[in-house]
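In the block that follows, a single chain appears as structure tokens, in the form predicted alone.
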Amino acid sequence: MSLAAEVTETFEQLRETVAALHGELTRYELVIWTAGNISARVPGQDLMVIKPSGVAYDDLSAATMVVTDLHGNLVQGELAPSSDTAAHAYVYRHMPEVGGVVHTHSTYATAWAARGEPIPCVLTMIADEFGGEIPVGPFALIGDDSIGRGIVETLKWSRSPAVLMRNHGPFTIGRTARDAVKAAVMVEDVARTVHKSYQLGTPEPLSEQDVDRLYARYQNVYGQQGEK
């Protein structure tokens, strides 16, 4: 198979993967109408696959996904890329370990973002997945790479794969797009649980030592070998 054919096949596989993963956002009720987006880095290329702008989830398919370079320029596809493309592209340019980025406006996580308040590490699930509190990033307007800069500047000091962008909503990253979707599902779940815990009183944060132990176990031991 020629290099061009291999790249084309990779594009098609990623288009299918990214399109299917958008179904998880609606399945877990993390988005409404046309809000939210998922992207995936094209392995070995300075390119990414991302959702088109303003297209209803029921109308998404592999064929509607678009390919851009890591500056947001359209490379392949008939539709305009997501309005958050510049943010995703900035993350990929500055975090080479990231293979997937997700943005939602999920209700409880976005409520924490509206308050500008990090989600404290008061649950073992938060320690497992996020390695500590889920941080808040700065307010930034959509349209350029300002959101991406805020994501990178916040997460480079954190083990968390999620950041709550102030007055906007959660962005999550992962080794793959699927990992980033998992983080998006989990950040909404813990945001809801911690919110409810505050209705009962003030939850007690886990100790730093316990957080470290829980995070190490979950990241390195939990689950089936090679599947996490």
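One-based numbering along the sequence shown. It should be emphasised that the depicted structure is a prediction, and the values quoted were computed from it without experimental measurement.
Keep in mind that the form predicted in complex with a further copy of the same chain is missing from the display, and what follows is about it.
At a distance threshold of 4.5 angstroms between non-hydrogen atoms, Q45 is out of contact with a further copy of the same chain in the predicted bound form. Of the heavy atoms in V185, some are within 4.5 Å of a further copy of the same chain in the predicted bound form. Contact between P135 and a further copy of the same chain in the predicted bound form is not found at the 4.5 Å heavy atom cutoff. a further copy of the same chain in the predicted bound form is not approached by S61, whose heavy atoms all lie more than 4.5 angstroms from it. Interface residue among N73, Q76, T124, S158, judged by heavy atoms within 4.5 Å of a further copy of the same chain in the predicted bound form: T124.
If you take 160 to 180 and check each residue for a heavy atom within 4.5 Å of a further copy of the same chain in the predicted bound form, you get N167, H168, R178, in sequence order.
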